[in-house]
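Shown here is one chain on its own, the form predicted on its own, set out as structure tokens.
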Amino acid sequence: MDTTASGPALLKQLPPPLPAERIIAVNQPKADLHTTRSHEWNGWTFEVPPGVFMPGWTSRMIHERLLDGRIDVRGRRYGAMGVGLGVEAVVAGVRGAREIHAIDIHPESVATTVRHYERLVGEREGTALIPVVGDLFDGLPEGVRLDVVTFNPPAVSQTVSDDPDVVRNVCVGASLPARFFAQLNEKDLLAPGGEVFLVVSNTADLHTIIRHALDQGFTPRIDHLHDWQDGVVTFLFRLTRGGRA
């Protein structure tokens, strides 16, 4: 694969989804979703309430890049879509983001993010946490334009459980990223020079997702590609508006 390709050239070489049985096998939900758990990362400990998403290795692709500045949020308006536990909000606060819009459809996830942020970051001059409960960008304050957006969507293309919390966290499918890009475009939510970072693997319909992004005027590039050596390949895409690099 040519990892320097962008736009339609990138779309042509994306792999198809894995076979359905393999997708289901590698996305089996853990039995502890409805219990209180604990997550440790970067010397921080996060309590994970029942139903709140436990970050995995794909989420760490975003967390690590926020922490070391490869995804630069300092002094910028940042949208953490599907914020879940709130790790990225905490990192963005530590890194000095101007505004951190912590967005999730799940009210307990947003409340959990606020608790962790207050405990680990607290009040910092020039940095504000804005909790947002809503379906994608529906709850975003009027007039906001974002400089950076990250999203690790539950885009798995096969239903792996009938538990609504599992579906919300894992397997909504390609329709969710499609609506994500449509809202970014139609509501003009991305500031000039803004960037979107999207994590998706070949357990999702990569071709459909990136085609939707192209249709909405975004130019995708591969920021990072990780081969798990089990058939799963995860992409971190960086997307900008139009032809901007």
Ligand SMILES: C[S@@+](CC[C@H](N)C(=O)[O-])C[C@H]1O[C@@H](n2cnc3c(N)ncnc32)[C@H](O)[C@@H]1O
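Just count from 1 along the sequence shown to find any residue number. Since this is a predicted model, take the numbers as computed values, not measurements.
This next part talks about the form predicted together with the ligand, which is not shown.
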- Message: Counting heavy atoms only and using a 4.5 Å cut-off, do S59, S109 and D135 all touch the ligand in the predicted bound form?
- Response: yes
- Could you confirm whether P55 comes within 4.5 Å of the ligand in the predicted bound form, counting heavy atoms only? yes
- Query: Though only this chain appears here, would I105 touch the ligand in the predicted bound form if you measure heavy atom gaps against 4.5 Å?
  - Reply: yes
- Query: Is H207 a contact residue for the ligand in the predicted bound form, using a 4.5 Å heavy atom cut-off?
  - Reply: no
- Query: Given that the partner is absent here, does R211 sit within 4.5 Å of the ligand in the predicted bound form, heavy atoms only?
  - Reply: no
- Query: With the partner removed from view, which of 122-130, 92-100, 140-148, 167-175 is the stretch that lies within 4.5 Å of the ligand in the predicted bound form, judged by heavy atom distances?
  - Reply: 167-175
- What residues in 75-92 sit within 4.5 Å of the ligand in the predicted bound form, counting heavy atoms only? M81, G82, V83, G84, E88
